[in-house]
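One chain is shown next in structure tokens, namely the form predicted on its own.
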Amino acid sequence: MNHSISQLFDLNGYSAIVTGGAMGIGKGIAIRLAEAGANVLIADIEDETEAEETMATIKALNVKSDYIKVDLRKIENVKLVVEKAISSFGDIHILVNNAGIFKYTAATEMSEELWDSTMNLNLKAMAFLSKEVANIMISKNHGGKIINISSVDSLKPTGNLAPYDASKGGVRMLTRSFAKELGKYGITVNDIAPGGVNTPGAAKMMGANVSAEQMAAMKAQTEQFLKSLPLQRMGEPEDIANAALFLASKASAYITGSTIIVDGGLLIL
């Protein structure tokens, strides 16, 4: 069936869940899907203030939005997210698994606590929320879109991020595994691998007690890094949101089990 450009990207009547949707990349994705007409549930551990600001922006677009404060590292909570989406919108057509954590730690110094916390949110929660949502999509017999946020670190490790890198490598294989099994139900499953993106979470990694000398060193390092990138800038949440919209839309109907790399050319280096 042929569609016009506007029809390809029209999400009116669709409902989406975006985990980690209160801030940063998740916020950018939530707003972009809403701009295309989707109702959006934000599932995040962040406080209500951040979520309410994002919801207000979404509701101003004349679509529905809701929020559930939830720690997805506790696997029993994934069902609460699905129940909230169904009670708010009646259905689920799009799932964006964006919630994730990372912490710079040398491989020789990583703790079991850091490993478990990272794996539980970045990979385990993604797997079991995808399972729950896929079952809803199958029961409704309308297909759907599952979009996972992986990382360029799943392809080229940065260093000092072993738990994060392992979790994101798992995300890429999980994407392919789900895609292979769910295609017969009309459900596509893909992932987006961002490079460096300007987000509040990334800024927090610098810490609150950074000296002037450390700040200067980091600034110089960042400037050198940007000069080496083909596009010579950091990514913005909108860059990832645009890829998510494509994967959520009819324009990507024949794409599944794929990774879209959004890194400004980082992996060319």
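What you see is a predicted model; the values in this text were computed from it and never measured. The first residue of the shown sequence is 1; numbering continues from there.
Unshown form predicted together with a small molecule; subsequent notes refer to it.
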Report summary line: Assert contact_stretch over 130-138, 173-181, 83-91, 99-107 against the small molecule in the predicted bound form, heavy atom within 4.5 Å, equals 99-107
Requested in this report: Decide whether Ile45 counts as a contact residue for the small molecule in the predicted bound form under a heavy atom distance cut-off of 4.5 Å.
Outcome: yes
Query raised in the report: Should Ala16 be classed as touching the small molecule in the predicted bound form when contacts are defined as heavy atoms within 4.5 Å?
Result: no
Query raised in the report: Looking at the partner-bound form in the predicted bound form, is Gly37 within 4.5 Å of the small molecule by any heavy atom?
Result: no
Report task. With heavy atoms only and a cut-off of 4.5 Å, decide whether Leu247 touches the small molecule in the predicted bound form. Result -> no
